[in-house]
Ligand code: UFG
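The data below hold one chain only, encoded as structure tokens and taken in the form predicted alone.
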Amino acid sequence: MAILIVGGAGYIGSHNVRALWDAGRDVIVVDNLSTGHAQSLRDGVKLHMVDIRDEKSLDAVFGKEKIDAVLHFAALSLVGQSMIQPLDYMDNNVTGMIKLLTVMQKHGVDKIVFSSTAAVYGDAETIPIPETATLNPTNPYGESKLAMERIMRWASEAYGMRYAVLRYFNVAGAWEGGIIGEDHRPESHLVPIILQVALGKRPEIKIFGDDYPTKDGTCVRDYLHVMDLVDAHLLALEHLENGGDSFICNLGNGMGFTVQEMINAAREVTGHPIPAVSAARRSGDPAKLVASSQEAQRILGWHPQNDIRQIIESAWTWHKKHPNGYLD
């Protein structure tokens, strides 16, 4: 039986595809390639170029393949863009989830691991943030992910589906040796943008807001290596395959780093001065997002293995080898 990875040609999805393939699993990918890259998939992985909102085409994939479980990564995910295109985000993310669950239910597929986000919490009152924190998104992206979580809950009640909701914080880094890595167009994530400055592809890094209530005025985020994230997904899938109950957990290091601290760490790794300038805050950005990952430790036995320097070093290896991403 195959594992279907929806959004499997994207950054996080492709790393999960490769890890599952290397573990000897049969892997099928569905991706409309709106933001993903077919080049990220290793030879032998079957790709269906389908938008999950296209129920008829998605149904055909389930009818053709023998699918046992789903890993769901397909979503629009830019906070700033979601503030000016909220309906697009609700359509793509929420409608996509409804269509996917509809087809899963029709074909008797009852296990799903879902890529959620810390954005469901908004401006949390407690740091590190536990899963019991108030859910109050400050942007349409977070709102769409929260809606998707709730839809899964009701699908579980009605149809007996079991789900694992993994709420990420900030993910960075790349596969060992720079085989695959992060390539968004346009790039919006902090670590690759910093490294683009080191590569001479940008003149400077903009720091959006230097007046937050933090140690140096810049936003605090919890950064996790993509391979630690992959490990959590594989453990979550194993949990469901072994008959485990549905659950929700955070994934993070539990340590917050400011934007300025990340820039300083990248300067040390790359040996480049990486000029930085201050800019206005971005709408919808909380001051601090740091995870409590105790639930992931309790349920899955999961512990992140990589620190900030390892995250940046692996990303730097990828970007040096592929300065133009998958266009190289």
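It should be emphasised that the depicted structure is a prediction, and the values quoted were computed from it without experimental measurement. Start at 1 with the first residue shown and count on from there.
We do not show the form predicted together with this ligand, though everything after this point is about it.
Candidate site formed by Ala119, Arg221 and Val259: every one of these residues places a non-hydrogen atom within 4.5 angstroms of this ligand in the predicted complex. Here the chain stands by itself, but in the predicted complex one stretch of 151 to 159, 185 to 193, 93 to 101, 232 to 240, 185 to 193, has heavy atoms within 4.5 Å of this ligand. Contact with this ligand in the predicted complex, judged by any heavy atom within 4.5 Å, is made by just one of Met227, Ala124, Val79, Ile248: Val79.
Among Ala133, Ile205, Val165, Ile180, the residue placing a heavy atom within 4.5 Å of this ligand in the predicted complex is Ile205.
Among heavy atoms of Ala296, none comes within 4.5 Å of this ligand in the predicted complex. For the chain shown alone, Val30 is not a contact residue for this ligand in the predicted complex, no non-hydrogen atom being within 4.5 angstroms.
Contact between Arg282 and this ligand in the predicted complex is found at the 4.5 Å heavy atom cutoff. Residue contact check for Ile52: none of its heavy atoms lie within 4.5 Å of this ligand in the predicted complex. Annotation for 154 to 170: interface residues with this ligand in the predicted complex are Tyr168, Phe169, Asn170 [heavy atom within 4.5 Å].
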